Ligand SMILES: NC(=O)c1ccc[n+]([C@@H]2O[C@H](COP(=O)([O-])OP(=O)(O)OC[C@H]3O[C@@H](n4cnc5c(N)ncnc54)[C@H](OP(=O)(O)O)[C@@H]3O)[C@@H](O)[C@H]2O)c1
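Given as structure tokens, the chain that follows is alone and in the form predicted on its own.
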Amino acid sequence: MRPLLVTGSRGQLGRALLAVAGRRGIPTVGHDVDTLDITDRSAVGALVASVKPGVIVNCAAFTAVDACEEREAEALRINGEAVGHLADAAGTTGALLVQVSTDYVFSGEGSRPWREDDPPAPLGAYGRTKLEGERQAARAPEHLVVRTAWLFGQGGSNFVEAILRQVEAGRPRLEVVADQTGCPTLADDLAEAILDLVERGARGIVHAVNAGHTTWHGLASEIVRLAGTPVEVVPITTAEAGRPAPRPAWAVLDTTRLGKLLGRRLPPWTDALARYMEARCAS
């Protein structure tokens, strides 16, 4: 069996993929920025030629949404151009390239869940650079783009941890945006879905998020409820939050194709959050 190569292996999704693959007995090689600079075409080509993976899952990305606005050229090198290096290397060795993308490729206008064939129209630099990554991934003869959203998992910085840090610091009141709607997604569930999609021969674009949707305020309220603390969670608008990067107001992804390919959809986000917090307490 040719190994699975995971880039960005120390991030939330990378860690989850290594763990899930390990449980499934899949030989796996993980690399992060300290051992592989994916913006270095020669380094990428040499590594892929050496490992000879059957599948490459690219979890490496510049994900600081606000910073992307000021450093778009750098974000484009990582989120866009570097994916082309992986695509070329995958094509040379016959590997499947799985590119992880985002709900930020959409405008956020509308009221129905976004389908895979809806026209992308990113609002900001992060979405633009990730969309370029999708285009670059398509250069690989065998490619799969998995769009996800509002990711949280062990070993990384995420919204759930940000809220819990404030709760644990004794903050009595939190102000949280209530006019952005999306699909919180657990890295462990996404990792399972990605490996299942690979096993079933999925190609093209697939949306993979936990079932259901909420606002950031709704997510924060559920975190506080599960934590059992009397913190007040106050709804505010995106404008009141004053963040530099524009964000899609409606970022709900349609997972009909995922359901058809896998014969199931991912568990509800509320269930995923409860499992995450239970595991966090246990550790």
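For every residue, the number given is its place in the sequence shown, counted from 1. The structure displayed is predicted, hence computed values, not measured ones.
Not pictured, yet referred to below: the form predicted together with this ligand.
Residue in contact with this ligand in the predicted complex (any heavy atom within 4.5 Å), chosen from S221, T215, T39, T238: T39. Just one of V105, L186, L97, V100 comes within 4.5 Å of this ligand in the predicted complex, counting any heavy atom, and that one is V100. Taken together, the three residues R115, Q180 and A211 lack any non-hydrogen atom within 4.5 angstroms of this ligand in the predicted complex. Residue contact check for T255: none of its heavy atoms lie within 4.5 Å of this ligand in the predicted complex. Put simply, R265 is far from this ligand in the predicted complex: not one heavy atom of it is within 4.5 Å. In the predicted complex, none of the heavy atoms of E69 sits within 4.5 Å of a heavy atom of this ligand. The shortest heavy atom separation between V33 and this ligand in the predicted complex is within 4.5 Å. In plain terms, the part of the chain that comes close to this ligand in the predicted complex, with a heavy atom within 4.5 Å, is 25 to 33 out of 227 to 235, 240 to 248, 25 to 33, 48 to 56. Along 129 to 157, residues K130, T148, A149, W150, L151 each place a heavy atom within 4.5 Å of this ligand in the predicted complex.
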